[in-house]
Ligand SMILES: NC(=O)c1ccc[n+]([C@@H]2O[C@H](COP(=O)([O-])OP(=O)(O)OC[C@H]3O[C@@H](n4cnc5c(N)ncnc54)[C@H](O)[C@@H]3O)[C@@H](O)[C@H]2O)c1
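The data below hold one chain only, encoded as C-alpha cells and taken in the form predicted alone.
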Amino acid sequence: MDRVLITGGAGFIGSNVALKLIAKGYEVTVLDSLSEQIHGVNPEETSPLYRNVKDKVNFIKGDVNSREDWMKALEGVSYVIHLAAETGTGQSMYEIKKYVDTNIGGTALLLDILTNTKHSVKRVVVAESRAIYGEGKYRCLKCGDVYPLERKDEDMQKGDFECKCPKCGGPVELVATTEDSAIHPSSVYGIAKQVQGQLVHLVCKSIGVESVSFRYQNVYGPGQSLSNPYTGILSIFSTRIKNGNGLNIFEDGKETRDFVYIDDIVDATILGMEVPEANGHVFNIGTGVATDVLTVAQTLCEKYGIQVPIVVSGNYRLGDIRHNYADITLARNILGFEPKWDFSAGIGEFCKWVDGQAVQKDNYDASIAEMKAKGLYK
C-alpha cells in the first residue's frame, strides 16, 4: 500500500485523516512541529491528538520551513496531504510574517523540492480555506450576482453589519458560494491560503504531479483544541461556558457560518487523494447550510445544561466576514462526497465529548486584549 505524508498530521484534521488512512491500510508519515499554541507545553501530557497518532505513524517532529525536515518526510511518499499551517483569521492580522512564512513559505519549499529533486510523489492535496472568498457570494436585485467588498469600519461602528452591493450600494441577499466565485480574502490568513492553493496547482501541473485543493468551511468535532483562543468558535464558547464565563456575541449575532463535522472533512480529504478525476480541481467542503452565531451560543448552553450570560455586544473584529456557506455541488459530482452530519447531530457529539474533558483554562480575554492593542477589535 502507498505511503502518505500528512503535514500537520498531529493536528485536529490531520490526526483524524491519519487514523482513517491507517485503518484503510496505508502507511502514514506525519510531519508536525507540535506548536505550543495547539498542543501545549508538553504534548506527551497535553495533546491527546498527538498521543493518538505518535505510535501508529512514522512521526517526524519538524518544521515545514526546514528543507532537511521535508527531505526526510518525503522519503518513499506517494501522496502529500499538506495541512500544516498557522490558523486564525484575527491573529493573522498582526502576526503577518509568521503566517506568510509558514503558510506560503512552507508550501513554496515543498514545491521547490518536488521540482528540483528526485521523489515518488504522485499527488499533492492541500488545504485552502473558505477565508479566501472574503465576504462570499451575494445577489443584488439590480446588479445580479455580486461579491461585496470588505465591510467598512464606519458602518460597523453604527451597528450596520450587513454587506452592500459593491456596484450600486444597495442591499444584497446571501447565496451559496461556488468554487468559481471571486477570490478576495479579507485577512492575511485568507491571502496566505489563496496563495498556497495557487502555488500547488500551478507548480504541480508544470512538473507532472497531480494536485487537489480543499476550501474547508468551519470544521468542528471531538478532539479539537479547547484551549486555543484564536480558532474555533465552538471550542471558544464551550471553554467559556464550562468556566462559567459569559459569551460576548460579536456584531448582532446574526452572522453565519457553515459548520462541517470532522468525519465529513476526513472522508472528503481522502476522496480527494484517491479519486482520479479529482486531479486539478478545487473543492468546497461544508454542509451547504448557514447557522448563525447566536443560535450556536444558545445551543451550546442548552446542551451543557449551563446558563451563562449571552450578550450581543456589537463588538466586531476587522477582517471578519459577515456570512459564508458553501455550494458543494462539485464535490458531490466528482468526489461522490455527501455530508453525513448535520449541525444538530454533530454538535450533540461534540458536546458529549467536551463533557468528558477536563475544563480548560479560558484564554479568550487575553486574546481579545491582544487584538484590542493592535487596533483590530472594536
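These numbers were taken from a predicted model, which means no experiment stands behind them. When you see a residue number, it is the position in the sequence shown, counting from 1.
Another form, the form predicted together with the ligand, is not on view; read the next lines as being about it.
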Option from 249-257, 185-193, 162-170, 301-309 whose residues, in the model of the complex, bring a heavy atom within 4.5 Å of the ligand: 185-193
Residue 351, heavy atom within 4.5 angstroms of the ligand in the model of the complex: no
Distance check, residue 13 to the ligand in the model of the complex, heavy atom within 4.5 Å: yes
4.5 Å heavy atom contact, residue 78 to the ligand in the model of the complex: no
Partner proximity in the model of the complex: residue 52 to the ligand, non-hydrogen atom cutoff 4.5 Å: no
The unique member of 64, 28, 335, 328 whose heavy atoms fall within 4.5 Å of the ligand in the model of the complex: 64
Contact residue in the model of the complex, from 127, 296, 110, 146 (heavy atom within 4.5 Å of the ligand): 127
Within 4.5 Å of the ligand in the model of the complex: residues from 210-227 (heavy atom criterion): 216, 217, 218, 219
